[in-house]
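Take a look at this single chain, the form predicted on its own, given in structure tokens.
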Amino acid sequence: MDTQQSHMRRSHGFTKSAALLDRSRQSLAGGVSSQFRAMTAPHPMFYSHAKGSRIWDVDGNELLDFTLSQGPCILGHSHPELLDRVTAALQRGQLFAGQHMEEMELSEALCRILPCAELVRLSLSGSEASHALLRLARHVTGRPKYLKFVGHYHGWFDNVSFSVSPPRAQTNEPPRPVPWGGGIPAALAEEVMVLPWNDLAAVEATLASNAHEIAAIITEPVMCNQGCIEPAPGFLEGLRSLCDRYGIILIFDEIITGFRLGLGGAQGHYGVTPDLALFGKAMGAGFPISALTGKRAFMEAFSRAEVYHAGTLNGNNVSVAASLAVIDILGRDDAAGYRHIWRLSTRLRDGLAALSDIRPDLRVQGPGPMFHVGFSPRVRATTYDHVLDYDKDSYRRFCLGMLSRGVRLIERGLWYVSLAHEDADIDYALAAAQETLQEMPQ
């Protein structure tokens, strides 16, 4: 792609995608297999192939990709070594329904690189992993409830589908669990307490009177799914201290932060070790896998079959090979791959933030390998209520403008950078953003 602003690559339109979507809706509910894909502007898209930092749609548009399949493709698309290792594993067999060497090697690697990991179980998705770890926490503590934060996402299963994206009228003090759509049993609201993110005083006050009921605090260590809000100084440390004081299990949901901020995840990056943690997305580089990790004293309940965790496809050859490839590729040469991702993502993030001289309400925040872009009167978002101030219509127009210039973005504002991105990609994205902002109404 030409990096000169005057030579933006323009799309050919999306008529084939639109036609295929109409056809797909006759057999797939809504034309998609995940509700998040239905939110795509101008409509859910159909793609033909992807390689490196690029993805091509069925209309022939070559798109510079900062969605990375909602985060998993940390190596970029179709990384040659990844595909070679996955192919080799597949040729040995796709599924044994038994143990194999690479599964053991992966568990050993996870215990070596993750601060909290003394024992591991493998699964397929983040939703399954959070479900299993909350079950484990209830068993270990003998307590029935858990505490989560408004705006945090821990999967789509019923028991965690509360206060994911509630309207402002339902976030007032004290926050009450708000079901995330229909079909969620009202009785499950009794199992969860919700509080605002980054408010340690609220957590302390709640635990002072309710700790005897609370088995676990589960949190994204960075509030990635809503605004990419980092923890306030001392917040994660405060949660660790309070959990120790009250005998509560601290769970980090590292589905996004894990293998993205570094091999040690957010717990390694911020220096706070939880009791249990779940990983996925970038861990598999596009292949389905998740990991339940934690301290031996708690995880042994799985070993003794006091708590059940199962799955026919858990530890399958292909996904395990992909995860081992991620660890090897990003960890080699003293983690040179992560230095590359951090350098480019920081350059992109800061370059976008500098464009606020064109659009003063442009807001960019996040640690780097993932960050959030949006339009808000607030200088910075620090909690979920602040996220509600973002102008979603303006960002949708921005995404459409970027798409017309050959840049694919996630409509909720989260950007990802991969090992496959290069400086020329960052140059192009910044030039496209500048041109798009200049054309947008103020």
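Don't overthink the numbering: it's just position in the shown sequence, from 1. Remember, predicted model here, so these are calculated numbers, not experimental data.
Just so you know, the form predicted together with a small molecule exists too; it's not on screen, but the next bit is about it.
*Asks:* So which of 194 to 202, 142 to 150, 111 to 119, 250 to 258 is the stretch with heavy atoms within 4.5 Å of the small molecule in the predicted complex?
*Replies:* Going through the listed ranges, the match is 250 to 258.
*Asks:* Although the small molecule is absent from this view, report whether Gly265 comes within 4.5 Å of it in the predicted complex, heavy atoms only.
*Replies:* Judged by the heavy-atom cut-off of 4.5 Å, Gly265 is well away from the small molecule in the predicted complex.
*Asks:* Is there a heavy atom of Asp275 no more than 4.5 Å from a heavy atom of the small molecule in the predicted complex?
*Replies:* Outside the cut-off, so no.
*Asks:* Does at least one non-hydrogen atom of Gly126 fall within 4.5 angstroms of the small molecule in the predicted complex?
*Replies:* Yes.
*Asks:* At the 4.5 Å heavy atom threshold, is Gly155 in contact with the small molecule in the predicted complex?
*Replies:* Yes, Gly155 lies within 4.5 Å of the small molecule in the predicted complex.
*Asks:* Answer with one of Gln365, Asn159, Asn317, Asn225: the residue that has a non-hydrogen atom within 4.5 Å of the small molecule in the predicted complex.
*Replies:* By the 4.5 Å heavy-atom cutoff, the listed residue in contact is Asn225.
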